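Form predicted on its own, single chain, as structure tokens, below.
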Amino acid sequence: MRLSTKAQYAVRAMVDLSLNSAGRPVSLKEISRREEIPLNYLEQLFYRLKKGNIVESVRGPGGGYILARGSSHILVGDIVATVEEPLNPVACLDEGSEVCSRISRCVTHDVWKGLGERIRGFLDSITLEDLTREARGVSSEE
């Protein structure tokens, strides 16, 4: 199982936003340049992040994006869930999918369900603040 670049880019962009906002809006153009993420791709991601109430947009000169709440209240799992498809390791766990005909006798069902729960739990154990703090440490070492 592999997450798409949507998750990777969204998390990187959110760390950049957290690092560089200092109470002011940050333009996607700035994030795009620093993170080497195509601007049109960032626009799509931030559209979803805004709909997910993770960021807010600020219009006008000097506009851009700010965090919708403190970085300690934004989980990596929230970011990933906002831009990605559900993180289920097998299709039979997807919401709305037809129930597997083997569900009552499938000995592996709980393995896949547990794996998905552990992945989500791991991502939910990391805040944007954690990553921002780590990024500050990395940049000061360079």
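One-based numbering along the sequence shown. Quick caveat, the model's predicted, so the values are computed rather than measured.
A second form of this protein, the form predicted together with the DNA, is not displayed here; the remarks below concern that form.
At a distance of at most 4.5 angstroms from the DNA in the predicted bound form, none of the three residues Met14, Gly23 and Gly52 contributes a non-hydrogen atom. In terms of contact with the DNA in the predicted bound form, the residue from Gly63, Pro89, Gly114, Gly70 that brings a heavy atom within 4.5 Å is Gly63. In the predicted bound form, at least one heavy atom of Glu43 sits within 4.5 Å of the DNA.
For the chain shown alone, Cys106 is not a contact residue for the DNA in the predicted bound form, no non-hydrogen atom being within 4.5 angstroms. The closest non-hydrogen atom of Leu28 lies within 4.5 Å of the DNA in the predicted bound form.
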